[in-house]
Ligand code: C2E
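So this first bit is one chain, no partners, the form predicted on its own, shown in structure tokens.
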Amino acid sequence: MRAILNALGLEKHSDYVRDYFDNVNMRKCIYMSTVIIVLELWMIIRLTRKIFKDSLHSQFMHLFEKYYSNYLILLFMGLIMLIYSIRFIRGKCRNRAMIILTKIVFMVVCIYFGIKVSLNDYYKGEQILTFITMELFALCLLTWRPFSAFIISGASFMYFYYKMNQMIAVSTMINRNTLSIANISDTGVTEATKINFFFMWISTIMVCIANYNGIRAQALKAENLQEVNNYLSKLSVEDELTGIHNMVYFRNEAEKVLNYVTTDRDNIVFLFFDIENFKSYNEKYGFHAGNDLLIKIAHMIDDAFNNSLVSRFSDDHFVVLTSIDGAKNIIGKLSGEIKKLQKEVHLELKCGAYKPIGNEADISLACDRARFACNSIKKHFDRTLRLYDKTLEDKFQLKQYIVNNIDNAIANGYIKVYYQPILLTKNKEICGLEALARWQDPNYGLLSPGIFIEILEEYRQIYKLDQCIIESVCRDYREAVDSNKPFAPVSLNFSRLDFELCDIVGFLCEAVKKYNVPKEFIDVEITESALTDQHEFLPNAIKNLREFGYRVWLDDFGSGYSSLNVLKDYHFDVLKIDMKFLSGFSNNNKTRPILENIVSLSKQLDMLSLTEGVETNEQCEFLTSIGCDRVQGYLFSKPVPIETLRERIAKGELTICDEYKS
């Protein structure tokens, strides 16, 4: 039913489709009016020549009334239509009422001309081609809604038929017997004329419908394309979730602002905003609630800095380019307003600020420095704002150095593997080693993993480091075996990003095969926090590791609030208890029963228990007494190079299990 209504033109047009029809009609009017002007001028010239040639001056008034007047009216209308159509196309006249009026007047004049001329022709026994031509001009070349075309054509055809039917039709016939010409006159149209006339009307209607639906289909197609282009254009400058500007827009506009001659560069600042604990808010209340919160905060920041550049940087991060004057007060008010939005999860607004120096115009670098300043006060609940300064500059330079030089460090062997022993509680013999990365840099010296690992994860480069450690551990095993030196099974720390950014399981299998390392000599540690991110690829990766013959450990157990859910959903070979449980061991009476229950739980779940961070004999003795299987910590050894570890074993300071001796 709807398709029929659309085909008949009974549906409501969108503004775009309506304008499309107007443009098409006005362009057609240019061609039609030009043809009409040329034809009418030719008809006027032709008739004038006939008057002078045949000396018909005495009949001028008769000819003017019958022919000249019609030619001049149509010529005048053609000129008006041509002028208006050209002005419309040039955008100088877009009044819709005038478009409709001009179109109707043009149609009426054309049909009137066709009827009048063709009635004269029909009376003389000639064809009614002028009427048909004007119908096609007015109704088929111009685009009308089918129901309008039906009404207009029906009325004009009926009127023309009525006038023909009242006339005495003249036909000429040759008398075959006398070879004379006889004029036979009858009143009204013949049956053949009626039938032909009806078919001409039907044909006109069909052409109108086909023309309308063809243009309508083109209009809808163009409208859909326009909507897609508008959507893509909108996405190119607008953040899809929050509706404020995105970073593409920010970078382009910020660069313009910095390069304006009128910009007071001493009074501008880049601000980077981060919503502290937004991830916890998301996990507790769900993504829909989290998105609603982001949208609300985005518009709060946008409104607070209404005369500045404001954009969503990523996730729960926003950037602003604004004037320094009054910025601190605005940030303070924003912080207070955002605190009002919190429920059970504590929300904090953190802001880092960077003031460009001299003629700096690198927008990305400015945002990075403001972000770095913001990150420096995370978890500092007494601070909301931090300005990027010389202290942060040094740290930032180191950060940039790490990101830019990780490939070079791997290629030149600056990345070293340090091993920390894991001991059996029953006899304090080494049963395993944990491989830990160290960066021995020629410029900065020995870099702590606490510095570079977090940075590599932030910039999604951590997989390069972990692949390097895998390769080094397998190579160390092969060298130890070939030299008849002791070597215990090694546990490797895998980042969540390893599984996301590369096929870390495939890389491990290739390295093990390359150096002919037994799979029982390689264990994989996965942190509890990685498993609470709910990424689909992690369960499959853990399953594949176990199927390939590797043991999988749960690292940092107890560091998050989803520990028990992780134990419920996954199967691990070793439960590695976070070192935080041992902090304040002597003074906190709750520590002992908690550790005892965790160890007991691990046995019930058929897992070995390992506690890290052991620093005193008291801690070690307690863990032994509650049945903890393995221990690791500075009490026995800090992470050291493989050569140092072998020296300590050779000196008898450490003992390795018999099965792992050379």
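Don't overthink the numbering: it's just position in the shown sequence, from 1. Computed from a predicted structure; not experimentally measured.
The form predicted in complex with this ligand is left out here; the points below concern that form.
- Of the candidate stretches 30-38, 590-598, 46-54, 628-636, only 628-636 contains residues with a heavy atom within 4.5 Å of this ligand in the predicted bound form.
- Site annotation in the predicted bound form: the residue of A327, I275, I469, I99 reaching within 4.5 Å of this ligand with a heavy atom is I469.
- Only one of M134, M77, A488, L436 comes within 4.5 Å of this ligand in the predicted bound form through a heavy atom, and that residue is L436.
- In the predicted bound form, this ligand lies within 4.5 Å of some heavy atom of D556.
- Heavy atoms of I453 reach within 4.5 Å of this ligand in the predicted bound form, making it an interface residue.
- A residue is said to contact a partner when one of its heavy atoms sits within 4.5 Å of a partner heavy atom; F494 meets this definition for this ligand in the predicted bound form.
- For the chain shown alone, E525 is a contact residue for this ligand in the predicted bound form, at least one non-hydrogen atom being within 4.5 angstroms.
- Counting a residue when any of its non-hydrogen atoms is within 4.5 Å of this ligand in the predicted bound form, the hits in 600-628 run E612, G613, V614, E615.
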